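Below you'll find only one chain, the form predicted on its own, shown as structure tokens.
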Amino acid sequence: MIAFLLILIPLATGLLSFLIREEKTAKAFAFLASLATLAVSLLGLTLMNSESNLQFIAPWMSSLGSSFALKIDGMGQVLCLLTAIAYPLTFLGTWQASPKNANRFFGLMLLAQAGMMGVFLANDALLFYFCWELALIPMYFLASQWGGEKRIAVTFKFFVYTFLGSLLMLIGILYLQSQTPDHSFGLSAFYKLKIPASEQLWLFWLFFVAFAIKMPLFPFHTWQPDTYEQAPTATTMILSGVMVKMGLLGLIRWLMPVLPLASFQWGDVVMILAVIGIIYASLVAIRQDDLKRLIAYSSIAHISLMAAALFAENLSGTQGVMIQLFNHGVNIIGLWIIVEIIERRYGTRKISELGGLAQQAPVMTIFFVVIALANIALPLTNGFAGEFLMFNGLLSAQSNFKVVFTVLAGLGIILAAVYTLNMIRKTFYGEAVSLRVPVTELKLNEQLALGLIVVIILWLGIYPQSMLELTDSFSKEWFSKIDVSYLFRK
């Protein structure tokens, strides 16, 4: 029942939000709805984590071989918790923002949450595809109606990219369903398939392109910086903190265990693309003057590292990715909150037009520095354990080029330190510049949102075992499904 409630609450409250006319009421209702979803997610982790509560099956398109099947596994718990935490943090951190037609804005945000929860919980391929599209449609309207000056062209590009990827994935899903003995869309039926290696090699790309676009991975990334820049910041927070994880989940749950031979054989190609993405995105981030675009390219580099660690196909890399799914989402939302505060108050996101903010806003500076350093995986922050495990996984990969991949990916750490420290120095330190309005400290709601993020950063940095225990059994079970390296040993 917990699994069903995680979808039902944001879906029902999202639809109800459209009926609320008063802006403050719509905002408060959305915030309370997000807290209700968070409470249910925490119940699923603690008091009600029995098998019956973590699964839900109901009839749904039975004639097509599809059912409304949901299941919360280790990865599902991590991603549902991330989604449940991300929404109240986003609403709290952007409380001062006043979107036009607030009831529609918050309604669409909650509907997108329902779609993402469905993606993270779906145990049926047709339901997975349905929720995949349900999450995309609200984001399209949010970006196109509440975005910046170039929102129409940018949103159209975003929609075309993701729609084409979804179409390829649908073709792959229908083909796999046709190969099951009972023509079922069930995940377990897909796992039991014995697809010949020759067919796996081309089926792999139908799914991989769809998931690579969503992450995004080089060279399918070009929609991302523009969309992050033009979308309203609250939407960007959810896009970068949560929605990109849909692509990684697709790799973990729907691609690699279903097509393990192709995943192993194409592993080096994917790792090459990922390493290129790390270096390319990091170099471009160094040249950025816009805070939003810098963070957008930083996100591409982090997601690329996770993709590379997955295709290293070992337990260390897998465990690192599992905990980094959560950590990256929390850290990137924290950065976006501060960027939104700066832009809303001072009317600019350009690093060249900022400077000396630390002199008049020391609390905001402390929060920003802690979150930014967590984003580059400083020891004792939440990012360190995940990145350490991922690099250990890369160095232990089955590939003949594992040392090259590890060294090149390691350059990303150095480049990340360069653009992050430059961003901190130029924005918060140095000579103060004259802004349109006086620099002021954070409001209570902003301090609360950022304070919670810093607590999570330090907790998981000092005690990462709590997250590792959550994903340990899932990681081992997943690795047993995808490990086919023994077939290729001489």
Partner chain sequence: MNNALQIVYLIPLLPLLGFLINGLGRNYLSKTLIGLIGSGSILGSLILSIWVFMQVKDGNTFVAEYFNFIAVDKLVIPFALKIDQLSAVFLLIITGVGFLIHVYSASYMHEEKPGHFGRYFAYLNLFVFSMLLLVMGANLVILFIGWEGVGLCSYLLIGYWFKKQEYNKAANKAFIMNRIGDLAFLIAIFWLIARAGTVSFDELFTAVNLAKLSASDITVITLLLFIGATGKSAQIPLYTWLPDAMAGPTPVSALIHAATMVTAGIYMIARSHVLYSMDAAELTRNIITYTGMATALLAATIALKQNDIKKVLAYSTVSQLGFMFVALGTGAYVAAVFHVMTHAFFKALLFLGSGSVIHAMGGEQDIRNMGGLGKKMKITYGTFMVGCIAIAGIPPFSGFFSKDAILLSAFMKSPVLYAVAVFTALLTAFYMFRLLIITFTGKFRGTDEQAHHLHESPMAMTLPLIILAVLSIVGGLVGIPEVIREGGDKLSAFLAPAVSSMPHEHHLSHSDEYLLMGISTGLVLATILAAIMVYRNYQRKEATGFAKVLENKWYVDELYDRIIVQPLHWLGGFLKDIFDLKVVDGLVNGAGRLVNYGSRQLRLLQSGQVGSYVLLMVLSMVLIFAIQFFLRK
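Residue numbers count along the first chain shown, from 1. Everything numeric here is computed off the predicted structure, so don't read it as measured data.
This next part talks about the form predicted together with the partner chain, which is not shown.
Looking at W266, you'd find every heavy atom of it more than 4.5 angstroms from the partner chain in the predicted complex. Contact annotation: G410 falls within 4.5 Å of the partner chain in the predicted complex, judged by heavy atom distances.
Within this chain, R425 lines the site of the partner chain in the predicted complex, having a heavy atom no more than 4.5 Å away. Not displayed here, the partner chain is kept clear of L32 by more than 4.5 Å at the level of heavy atoms in the predicted complex. For the options I272, L378, I195, V209, the residue carrying a heavy atom within 4.5 angstroms of the partner chain in the predicted complex is L378. Of the residues given (I414, L167, I152, L201), I414 alone sits with a heavy atom within 4.5 Å of the partner chain in the predicted complex. Of the stretches 356 to 364, 139 to 147, 105 to 113, 244 to 252, only 356 to 364 has residues with a heavy atom within 4.5 Å of the partner chain in the predicted complex. Annotated contacts: L54, Q179 and F311 are all free of the partner chain in the predicted complex [non-hydrogen atom within 4.5 angstroms]. Within 4.5 angstroms of the partner chain in the predicted complex, the stretch 249 to 266 places no non-hydrogen atom at all.
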